[in-house]
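In the block that follows, a single chain appears as structure tokens, in the form predicted on its own.
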């Protein structure tokens, strides 16, 4: 009888230990591997697929989610802010663990992000920037520094024009044409700001004049169309083209060639992104420099999301590394480009 009682007590104690152990095990936001691990669900809204860069950005995020074991609910906004707002509300309704999105424009997000905060769903802003009345509506912004990219463009341009002993076509100032990105988008606003600020601060500021500046909507086709109109208005007066992204620069190159001019020679071309297409254009002597805007943000996004859900502190701004690639480095660098 004593033996039976002892066995029953031992069994009861084992059940109690197992129950306590299960209750104190920390909640996992990991990859979902292993029994009982909770898979993280992320709602992600992308702006669309307007360029080679954006396609690489999307692929990076999808692959990183797969590698990290994250369930990704993906939404393509097709360049419409209202579609992104609907997607974010859908993510909230589905009870995702975390929301990430690339904002099409800077403003107009306060209401929907307040809804996410009220639902206790953390938000990560990716790639572009937002302007909010309350910055606590998002936990972190990861991606690129668009102002710094604009700084780099003018700094490289001024050094290049000096080293090459370039002279303005009209004898006094270099005439600069600018192909801007999507109106109201943070890259367009901040790349322009960075370029102008660096130019204003330069001891050579008086050597440059912005003769034309118009949106090419970050697309190759629109970049070609706007460059055609620039050339009709200003002909061979243009010394420099600054394109807010490589795709618009590639479109502009077609327009310049169609006008009987030599891109990269008759007009110095510098753009931002660093996609393979512009590297090939530099190798062909049709462009002069690209400032990198790194689209491979997926691994950093997944790493940041997991830290947030684990209760770890993350920096409000987390930037990826970026470089500057002039044409004389293009052939060396192209084989290693991933986008």
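Residue numbers count along the first chain shown, from 1. Since the model is a prediction, treat every value here as computed from it, not as a measurement.
Below: the form predicted in complex with a small molecule, not depicted.
**Student:** Pick the stretch from 276 to 284, 309 to 317, 66 to 74, 50 to 58 whose residues have a heavy atom within 4.5 Å of the small molecule in the predicted bound form.
**Tutor:** Result of the contact check: 50 to 58.
**Student:** Just to confirm, residue 127 within 4.5 Å of the small molecule in the predicted bound form by heavy atoms?
**Tutor:** Taking the distances in the predicted bound form, the answer for residue 127 is yes, it comes within 4.5 Å of the small molecule.
**Student:** Does residue 293 make contact with the small molecule in the predicted bound form, using a 4.5 Å heavy atom cut-off?
**Tutor:** Residue 293: contacts the small molecule in the predicted bound form.
**Student:** So, residue 268 and the small molecule: in the predicted bound form, are they within 4.5 Å at any heavy atom pair?
**Tutor:** Looking in the predicted bound form, residue contacts with the small molecule do not include residue 268, since no heavy atom lies within 4.5 Å.
**Student:** Would residue 187 count as touching the small molecule in the predicted bound form under a 4.5 Å heavy atom rule?
**Tutor:** Yes.
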